[in-house]
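Given next, in structure tokens, is a single chain: the form predicted alone.
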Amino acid sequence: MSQPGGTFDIVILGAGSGGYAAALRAAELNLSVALIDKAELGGTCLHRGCIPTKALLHAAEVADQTRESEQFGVKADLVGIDMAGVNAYKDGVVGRLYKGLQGLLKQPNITVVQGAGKLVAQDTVEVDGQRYTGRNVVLATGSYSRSLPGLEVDGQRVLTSEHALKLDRVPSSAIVLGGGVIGVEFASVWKSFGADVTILEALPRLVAAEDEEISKAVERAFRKRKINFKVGKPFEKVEHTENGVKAYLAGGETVEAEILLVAVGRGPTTKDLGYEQQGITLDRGFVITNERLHTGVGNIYAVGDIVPGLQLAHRGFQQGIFVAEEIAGKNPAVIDENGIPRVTYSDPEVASVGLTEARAKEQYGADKISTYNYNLGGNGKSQILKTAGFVKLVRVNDGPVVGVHMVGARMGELVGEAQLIYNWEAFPEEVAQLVHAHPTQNEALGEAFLALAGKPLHAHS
């Protein structure tokens, strides 16, 4: 580290996915960077989010495969879940990635500053009395686990995802408040580990941001897995009982369990950081920017979870790269939010990109949109894996595919091709002529496009 304080091309407040991506790209473009964070480099995603949760989900998958191994002719007994062992595996993955990131950021153009920063002028962040002045400033302060008014999180019985990741035991029973991505993933893990799980969701369906048919498939799979869920019933309050918690729903229904996980979404970390005082516009705590991620104040940009939109690490990462290139005068192409892939790593997995059927109909008119569902039952590799699900395509008639929605084991691995199809505005006929390897689940995408491309041919014959 160089001497404290100083002037830099870019001062970045927050070293999560958005902040560190901006730092690395800026350094590549020969800009000097001060990267400031009060916690560890890598932020929520690496330490308290994407990476540790996916490690838990993989351990859960191993547990299920062991439990169900007989159907593949393999005799194995699941003796139990050693939570200390699971956590050691999870922490090992995080530790290795953290070490790698620290190594990447050790370079002459980047000064890493540990401490709580505050924006004290349009070009200055102060950390412990030291001032870091930037010709440009990037705000990348990320998000925190939200709670509901009057819902006291104590870290013992009422937990956020951060607490849940540190649990040293498998709870006998759990209530998951919120049926979005985080709630559904933890419910899936705990069920695989042997807990009795109930999801409470005020909206009418689980993973409500996804296409309606995908939600239905997840709900069907969860019923089969005996994961309980109550949708369309707002939560009212929680009380502590002798052995745990009791949740009250609108209409008088109650649910009891050992713990309650609050998974009602993430709020922007922007309070008391000096943003408003410098004239930055906040809306419910989110930093408002234009499409080029500029705040409209000085040379201040914002990236990641504090900018309204999808709260995904890879979105923040891409925005960080975009802003570094923008500052360097490279005039990068604006990021299409709809073109960002989304994955929920529960069992079954959900992966999607582009518009849901409902949104496509809103945007283009119901008569201009057609859809096609290809059932994984017809896919050889999916049969081998014994998974159910489907690939759903949403297209503009005589035009490109504007939405790809998938549910089933390992569908997250297919979203790479799906996002190319969406972002390149591919027509079904163009994708249909590409060869997909056999037997792979990837063929399910190929087959869906063959069918979609074939329909007009058959209609004209």
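One rule holds for the numbers: they count along the sequence shown, beginning at 1. What you see is a predicted model; the values in this text were computed from it and never measured.
The same protein also exists as the form predicted together with a small molecule; that form is not shown, yet it is the one meant from here on.
The shortest heavy atom separation between Glu185 and the small molecule in the predicted bound form is within 4.5 Å. The small molecule in the predicted bound form is not approached by Tyr372, whose heavy atoms all lie more than 4.5 angstroms from it. Although the partner is absent from this view, Lys381 stays clear of the small molecule in the predicted bound form, with no non-hydrogen atom inside 4.5 angstroms. Within this chain, His163 is remote from the site of the small molecule in the predicted bound form, having no heavy atom within 4.5 Å. The partner is absent here, but in the predicted bound form a heavy atom of Thr344, alone among Ser192, Thr344, Ser352, Asn136, sits within 4.5 Å of the small molecule. Contact with the small molecule in the predicted bound form, defined as a heavy atom within 4.5 Å, holds for exactly one of Val181, Ile259, Val112, Ile327, namely Val181. Note on the interface: of 276 to 284, 120 to 128, 261 to 269, 76 to 84, the segment with non-hydrogen atoms within 4.5 angstroms of the small molecule in the predicted bound form is 261 to 269. Contact check for Glu61, Ser172 and Ala221: none of the three has a heavy atom within 4.5 Å of the small molecule in the predicted bound form.
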